[in-house]
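Next come structure tokens for two forms of one protein chain, structure 1 first, structure 2 second.
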Structure 1
Amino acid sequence: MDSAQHMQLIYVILAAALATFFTRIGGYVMITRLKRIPPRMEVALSAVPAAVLSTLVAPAFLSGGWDGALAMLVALVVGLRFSSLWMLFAGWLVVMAVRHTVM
């Protein structure tokens, strides 16, 4: 990697760091200046955990192989009825069973 590419990479990393910092600090400043959180903002903030979870799970489900997708589906069904620990155990059990019997 030559010097120009090296500096360009450093600039990209610094820009990403600054964007992340200002996004986080901007949210904090905005929330602390409000006396009361507006209902629309409260609804938007309540949707954040589901959005983050879907961005973490969707790529693994679509490109992780059929054993991982099957395990996620089983974990979803178990998670609708039982606690998180049982959901985790069911997903793990399916992946291990598939990998030891088929692969």
Structure 2
Amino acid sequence: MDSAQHMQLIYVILAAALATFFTRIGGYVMITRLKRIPPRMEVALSAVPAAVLSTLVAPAFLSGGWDGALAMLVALVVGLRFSSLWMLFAGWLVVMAVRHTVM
């Protein structure tokens, strides 16, 4: 990578940082222009975390291979009763067991 390319990379990183900061403050800037939150918007905002995080989980479940999917299913069952660290541990255990024995 020559120095012109390297400068370009620095600019890309800084532009990405600025774009990311806009996403982190943008919703706040928009919503503070409203004086009140209507009830429908309130329920919509309550749905945000589950909605967004589901889009990070579902595609991974389908495209991560059957070993990854099995690990996620086991972690899901564990997660109904235990904390997320136990979920991570259980899922990791399953995927390691499968990859180093069956596959």
Partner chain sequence: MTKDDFWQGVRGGFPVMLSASPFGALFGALAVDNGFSVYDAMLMSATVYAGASQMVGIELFGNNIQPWLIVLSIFAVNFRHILYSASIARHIRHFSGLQKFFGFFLLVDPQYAETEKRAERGEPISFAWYLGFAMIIYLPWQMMTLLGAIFGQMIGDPRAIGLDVLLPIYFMGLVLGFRRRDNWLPVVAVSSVVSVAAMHVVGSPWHVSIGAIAGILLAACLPLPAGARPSVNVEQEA
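C-alpha atoms forming the largest set that superposes within 1.5 Å between two forms make up the rigid core. This structure is a prediction, so every number in the text was calculated from the model and none was measured. Counting starts at 1 and follows the sequence of structure 1.
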query: Either 1 or 2, the form predicted on its own; finding: 1
query: Large Cα move at Thr20 between structure 1 and structure 2, threshold 2 Å, rigid core; finding: yes
query: Trp92 C-alpha moves between structure 1 and structure 2 by 2 Å or more, core aligned; finding: no
query: Core-superposed comparison between structure 1 and structure 2, Leu80 Cα displacement 2 Å or beyond; finding: no
query: For Ile10, CA displacement between structure 1 and structure 2 after the core is overlaid, in Å; finding: 16.0
